[in-house]
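Only one chain is shown below, in structure tokens, and it's the form predicted on its own.
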């Protein structure tokens, strides 16, 4: 027991979104007694505003693709093993060059991905329309990625948390972290929350865009900033889009650091018949206001891919915040400045897809067991990271 009579756990996970849920589940599988805390409802932050992408197609060879491939395999494991379904759909992805300028970069990316063993195939116009009959007739080059998949993000988080509970974990919503407890050597020994003080052998910061604020409570810092994205949802339709489909320029928006809105077409269906339309990325702090100009740009680019959507009504439009970092790689590992504090954040828009292998990396680090991929590229103190502006750490 800690001072004040609180509970003691092996690990406290801060954040109940899909990354935190995967960390909790993997740690519970390893026999650790886990507590998950979240200042709001469960999986109600970034995860609730995501599309559910599980992608390898948008990543060039390198550490993030390695993490993505490990995660794709683990998502398939989860679909077979978890007690609750979460709309796992290994539908595959289709990437489309919408103009002449996009053809050579797409062909080059596919060649490099194939060189490292990724399943990817260039397809011509006829092949595109075999895969997606409603694509625009003038689109003549694309790529097919059979390993891309989709999940329902909130259901996936709930399923992971439910099975973590079955393994002995506890989950507390509306439980905000107010500060950290440290031992005489400065190592993290627990957290102070709105529901009391909790002892812990380790704390995992999986607070997404708010991870910098959590790190600062512990006496450390992170370069995580919020990046806003828009998502449009159509009314339910008859089967129209069969894969995850996006224009090749989407890959360029992932690493653009401008504060201007980066917009590209991303189109996919859901089991309910609605179609999700994205995407946008912009560094505007914690502002979640819907920008109608961005909505119109997304809609126009989606119609460029699928003219059949021109007269389809929207059911809703919303925004979400993604955890952005300067070098565009997740931050996963123990904090060198505060021992016992682990971070699992910085995935930007890929958190849902990368969550399983992230959880496995955290599990491997805390339990001192072999990791699924090389953890060094994701380490907290790596070169290229710089502290975030103070305003980027705000928790409101």
Partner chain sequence: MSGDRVPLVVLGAGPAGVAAAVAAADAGVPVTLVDLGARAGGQYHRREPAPFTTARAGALHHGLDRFSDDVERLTRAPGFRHVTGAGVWGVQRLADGAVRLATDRPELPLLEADAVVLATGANERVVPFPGWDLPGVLTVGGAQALLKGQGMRPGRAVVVAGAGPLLLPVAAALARVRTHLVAVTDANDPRAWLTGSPRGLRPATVKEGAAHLAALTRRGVRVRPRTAAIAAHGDGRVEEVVLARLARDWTPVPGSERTVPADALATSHGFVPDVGLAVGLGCTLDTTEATAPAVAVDTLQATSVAGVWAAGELTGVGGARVAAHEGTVAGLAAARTLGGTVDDTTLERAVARRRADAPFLRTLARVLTVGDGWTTWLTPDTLLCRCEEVTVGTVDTAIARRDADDLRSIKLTTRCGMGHCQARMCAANVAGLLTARTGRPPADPGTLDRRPVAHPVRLGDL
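Only a predicted model underlies this, so the values are computations on that prediction, with no experimental measurement involved. Positions refer to the first chain, counted from 1.
The form predicted together with its partner chain exists for this protein as well; it is not shown, and the discussion that follows is about that form.
Undergrad: With a cut-off of 4.5 Å between heavy atoms, is residue 77 one of the residues that contacts its partner chain in the predicted complex?
TA: Flag for residue 77 set to no.
Undergrad: Would residue 191 count as a contact of its partner chain in the predicted complex, using a 4.5 angstroms cut-off between non-hydrogen atoms?
TA: Flag for residue 191 set to no.
Undergrad: Residue 42: heavy atom within 4.5 Å of its partner chain in the predicted complex?
TA: Within the cut-off, so yes.
Undergrad: Report whether the minimum heavy atom distance between residue 260 and its partner chain in the predicted complex is within 4.5 Å.
TA: Outside the cut-off, so no.
Undergrad: Find the only residue in 299, 131, 107, 213 having a heavy atom within 4.5 Å of its partner chain in the predicted complex.
TA: Selected option: 299.
Undergrad: Which listed residue (232, 266, 135, 321) meets the criterion of a heavy atom within 4.5 Å of its partner chain in the predicted complex?
TA: Checking each option against its partner chain in the predicted complex, the one that comes within 4.5 Å is 232.
Undergrad: Among 123-131, 308-316, 110-118, 92-100, which stretch has residues with heavy atoms no more than 4.5 Å from its partner chain in the predicted complex?
TA: Correct option: 308-316.
Undergrad: Which of the residues spanning 150-181 lie within 4.5 Å of its partner chain in the predicted complex, based on heavy atoms?
TA: Read in sequence order, the residues that approach its partner chain (within 4.5 Å, in the predicted complex) are 152, 154, 155, 158, 159, 162, 165, 166, 171, 174.
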